[in-house]
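Below, in structure tokens: the form predicted alone, a single chain.
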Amino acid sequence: MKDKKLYIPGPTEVRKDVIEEMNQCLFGHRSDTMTDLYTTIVEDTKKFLETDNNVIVLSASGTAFMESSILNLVDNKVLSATCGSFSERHANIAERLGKNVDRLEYEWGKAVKPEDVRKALEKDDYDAITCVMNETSTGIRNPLEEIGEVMEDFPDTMFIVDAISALGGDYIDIEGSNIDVIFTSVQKAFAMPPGLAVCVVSGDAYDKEVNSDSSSWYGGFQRSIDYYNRKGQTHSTPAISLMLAYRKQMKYMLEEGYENIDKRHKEMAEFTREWAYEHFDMFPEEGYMSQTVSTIKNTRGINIAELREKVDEKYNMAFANGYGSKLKEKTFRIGHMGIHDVDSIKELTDAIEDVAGL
């Protein structure tokens, strides 16, 4: 099968030599070789993200940390800022876990506003607030830095951030934004095959879990961090092959540097928006648009499913329809993240123009 170039919001393109790293012979997950591998990827991740906080690399989807962040940090009540499908998922998970959930709810396409967060936190006491950095369904990038300034006045409320489709492609000062827990999946801006989740945990979040009545077993912060500090390994059998690939990819990311990666993603986002405004329109609120996923309004009434199929057939490229029943066919999405650059994004937009006759 011919390689298809991926412009969906994950999985995204992966370097061939990164994939080839997974072909190495396996070894025991309690061996010195594993200790060397895991400590390398954890410390390289800290270095790349410019954080002194604890880092966990778990064999799981990022959704696992959606769940464990609630189990670990919410005893009773959580405020969930929702502005699309994935932020709503975090709230739904909290409800399924029996927590009291108050929603700070926004129309899809609108961003979470710091002043609304402040008002909500002043009205009631919450164990935590959940917020998505980058709402993959709508292409919204929430102002985490400004929300983080608000959180400084509420030190007893944990700030939990889902950065699954942004971290690694959109710079965030984790400690400077008062974020207690932030997590991602590596198949997005980290340009890796799916299967690993990365979580950064503050000392305050660690301490709160230690003192909580219940927490996640598999995704427990204390369990993962303590095991790493004692043995430099994961508490349960890891996806060794994926971690070998992760070590290789992280070397590329460190070599390019977060600042340059952020700049490249910004350039891709700006190019895509300019193209969208020329031929269609953007769906997200002005001033709050994602740096990694553009959700484009289908102002021409084009059959998006048919367009995607024809672009695939002629150019072997994949982009995404709108997410879910609310946005399918009304929008389409271009993922500009990972190892893509402006030139490769232009290949897709040229293909769409050709097939759609724009």
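Start at 1 and count along the sequence shown; that's the residue number. Given the structure is predicted, the values throughout are model-derived calculations rather than measurements.
Absent from the display: the form predicted together with a small molecule. The rest refers to it.
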Test of understanding: in the predicted bound form, would residue 322 fall inside 4.5 Å of the small molecule by heavy atoms?
no
Looking at the partner-bound form in the predicted bound form, is residue 164 within 4.5 Å of the small molecule by any heavy atom?
yes
Looking at the partner-bound form in the predicted bound form, is residue 89 within 4.5 Å of the small molecule by any heavy atom?
yes
May I ask you to state whether residue 35 is within 4.5 Å of the small molecule in the predicted bound form, using heavy atom distances?
no
The stretch from 98 to 106, 128 to 136, 242 to 250, 212 to 220 that lies within 4.5 Å of the small molecule in the predicted bound form, judged by heavy atoms, is 128 to 136
Only one of 178, 187, 272, 82 gets a heavy atom within 4.5 Å of the small molecule in the predicted bound form. Which one?
187
Which residue, 59, 298, 40, 63, has a heavy atom that falls within 4.5 Å of the small molecule in the predicted bound form?
63
